[in-house]
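Shown below, as structure tokens, is a lone chain in the form predicted alone; questions about how it binds or moves come after it.
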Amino acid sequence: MDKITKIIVGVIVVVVIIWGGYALMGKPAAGGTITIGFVGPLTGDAAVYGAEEKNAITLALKEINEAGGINGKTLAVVYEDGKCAGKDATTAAQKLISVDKVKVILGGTCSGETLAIAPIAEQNKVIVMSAFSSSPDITAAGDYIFRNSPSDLDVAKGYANYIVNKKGYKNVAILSENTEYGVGVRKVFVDEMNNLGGTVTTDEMFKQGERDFRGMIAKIKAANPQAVFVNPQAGATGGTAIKQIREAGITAPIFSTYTFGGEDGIKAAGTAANDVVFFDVVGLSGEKGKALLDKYVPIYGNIAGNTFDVGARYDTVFIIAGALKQCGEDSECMKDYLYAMGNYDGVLGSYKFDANGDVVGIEPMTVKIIKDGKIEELK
């Protein structure tokens, strides 16, 4: 090959390389990863909920990625421990947004986590999708904040109505955990009790993670209420409080919320859980709900926290996957997609989001009773 021929060949090779490079830049190869975040309690009393949400996410991710992912990209999640506390959730969200560059956060689990995350997410146009936060304040938390858990504004009114109108107890003592969730339920419950002509005989608040309730229980006993409403953030605190209420000799009927009604709460209460009535949100629905349980239980065992939370979180991953397929990581497009989304048919049933990002279509309350350690539904 002479010198001129070598030069010509060299030029051709360079042109081919440059052309190929431009072609690759214009049409990226398939593959890559889309990363989203999670904030929830992975340690502490409420860790059972965070762990079970993580399990639900893992199942959903496996199915999504095995089906081709998000337009050929793998969907991945970075998990951060919000500890069911606003301060820790804030730190977690800041890290996910500034370091991991996520455009979606699955969380928080606790209302305090979600309310702490919301301003940061709004400022950075990051979608927040909660599956278990029920504080009424979340309704006005921002345009990028969504949840498929019903608000306590509706649910806690139902608690008071059942106790006063269905059961006829008008003098009720309240024992609440001092968290965003507990405070939100307490306020709505007390207001509705007053509207119904009931009386709150004792209104006690305990700090998050408390284990000694005897001083507050002594005040409840002295007031001699017809019923006691235990309003915990976590099953462990609720169950311990119920156990100490019975140990104090209080025989009045006890009512509680879905945060108590998992295996962890029942275990903490022991035999004192017998005949406790608790208010639950409707859990896994129909064949899709059964199919999720059939996948979940062989891998992770029975759901110790709450079946609704597991199902709600599983659904949210698929809902977000749909938004990502439509919009990529354009969070403004995803926000509009979620507001305009028709009914989603998931493991919880058929539902959508309203103009505030709140769920529409989820049954807000069902009533259950514990009998010999087993849960039965009341009609």
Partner chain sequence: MGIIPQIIANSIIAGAIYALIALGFNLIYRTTKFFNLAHGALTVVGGYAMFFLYKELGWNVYASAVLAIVFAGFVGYILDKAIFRQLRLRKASQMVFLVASLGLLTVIQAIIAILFTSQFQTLANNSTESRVYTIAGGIITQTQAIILICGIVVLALLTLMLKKTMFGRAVNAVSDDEEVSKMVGIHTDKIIGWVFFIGSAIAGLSGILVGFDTGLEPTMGMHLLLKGVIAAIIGGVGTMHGAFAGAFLLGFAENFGVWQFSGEWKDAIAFIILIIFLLFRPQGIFKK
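Positions refer to the first chain, counted from 1. None of these values were measured; they are calculated from a predicted model.
What comes next is about the form predicted together with the partner chain, which does not appear here.
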message = So the partner chain isn't shown here. In the predicted bound form, which residue out of Lys267, Lys288, Lys295, Lys125 has a non-hydrogen atom within 4.5 Å of it?
response = Lys267
query = Of Ala236, Val104, Ile174, Ile163, which one comes within 4.5 Å of the partner chain in the predicted bound form, counting heavy atoms only?
reply = Ala236
key: Site test, Ala47, Asn178 and Gly215 vs the partner chain in the predicted bound form, non-hydrogen atom cutoff 4.5 Å   = yes
query = Heavy atoms within 4.5 Å of the partner chain in the predicted bound form: which stretch among 164 to 172, 68 to 76, 254 to 262, 201 to 209?
reply = 201 to 209
ask   = Can Lys157 be called a contact residue for the partner chain in the predicted bound form at 4.5 Å between heavy atoms?
value = no
ask   = Any of the heavy atoms of Ala222 lying within 4.5 Å of the partner chain in the predicted bound form?
value = yes
Partner proximity in the predicted bound form: Gly249 to the partner chain, non-hydrogen atom cutoff 4.5 Å = yes
ask   = Using heavy atoms and a 4.5 Å limit, would one call Ser151 a contact residue for the partner chain in the predicted bound form?
value = no
